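One chain comes next, on its own, written as structure tokens: the form predicted alone.
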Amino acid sequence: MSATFPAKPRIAIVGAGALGCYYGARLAKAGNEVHFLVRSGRAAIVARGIRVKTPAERFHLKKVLAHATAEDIGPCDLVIVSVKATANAALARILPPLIGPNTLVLTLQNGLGVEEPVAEVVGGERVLGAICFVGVTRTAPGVVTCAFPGLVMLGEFGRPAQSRTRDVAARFEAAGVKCEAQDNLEELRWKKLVWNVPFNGLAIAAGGVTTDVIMADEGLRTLVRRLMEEILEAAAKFGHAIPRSFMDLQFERTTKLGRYQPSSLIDFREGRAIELEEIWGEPVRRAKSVGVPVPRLEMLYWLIKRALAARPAGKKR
């Protein structure tokens, strides 16, 4: 495979949810050839394009290259996987038609162990992963609101950053997305869990609450911090020393989100599958494997599992 990324890449976005629409629209607006693989809402996106609203701007991507199948798109230079990890079983069918000799596959999925399913399909040497510190919501097909643009941190699967990693990061930067290439992707995954575990989890377990409610409740805020501390302790056992100041940064960022619905809460309310194992189950198992007790995380994992089981039959998709 080539070690460099082409100056004019052909990009495929697998999934037109909040992240796929937001980053795909930004990349297209910056002049890249971006193709969207859309499972639902394709007619609306073709007819009305993609609309993006951020604290600093609004823009409308009128012409969107939206496709129903990967075969319609064909091989690309960069494939960005923005579907939920719960849909990974379909990757064996979706990804092969998008792969050429030098294709890179970047997964934006949350949780631990999400690069492995991609690597099984396309080969680990192609795989990159990214952690998106962002607050973005899809309100309708092709309509997204970004409350907190944040940043993207990306790395290679099982390798330090390469020149191609920095080239991909530069492509995001040119599209108006703050992006950094990092050497330790696994550490980035643990860092993202510091926010995802408590806020996505408690939003569901506390009865369907938004982040402002969690931040305003002293008991929930304390539980958030304790959950964060358990993640830091587990990460340290795997050689990832995340400073405690990183927890404070998450509180600062969350305050700026206001009345924000974490993505897992939205999926839970709409009856969709959530990344139960990737965000809560796998961290529990990995912590136990190195002898780190995570009682609060384990309890949260089981509470979410019970909440999922208690959903009405029509909402257990």
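One rule holds for the numbers: they count along the sequence shown, beginning at 1. Model, not experiment: these values are computed from the prediction. Each form is matched to the other, and the largest set of C-alpha atoms that superpose within 1.5 Å is called the rigid core.
Just so it is clear, the following notes concern the form predicted in complex with a further copy of the same chain, a form of the same protein that is not shown.
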May I ask you to check whether Leu300 falls inside a 4.5 Å heavy atom distance of a further copy of the same chain in the model of the complex?
yes
Taking any heavy atom pair closer than or equal to 4.5 Å as contact, tell me whether Glu180 reaches a further copy of the same chain in the model of the complex.
no
Find out whether any non-hydrogen atom of Glu173 is located within 4.5 angstroms of a further copy of the same chain in the model of the complex, and reply yes or no.
no
Just to confirm, Leu220 within 4.5 Å of a further copy of the same chain in the model of the complex by heavy atoms?
yes
For a further copy of the same chain in the model of the complex, the stretch among 238-246, 124-132, 76-84, 206-214 with residues bearing a heavy atom within 4.5 Å is 206-214
Is there a C-alpha shift of 2 Å or more at Pro75 between the shown form and the other one once the rigid core is superposed?
no
For Val127, state whether the C-alpha moves by 2 Å or more between the shown form and the other one after rigid core superposition.
no
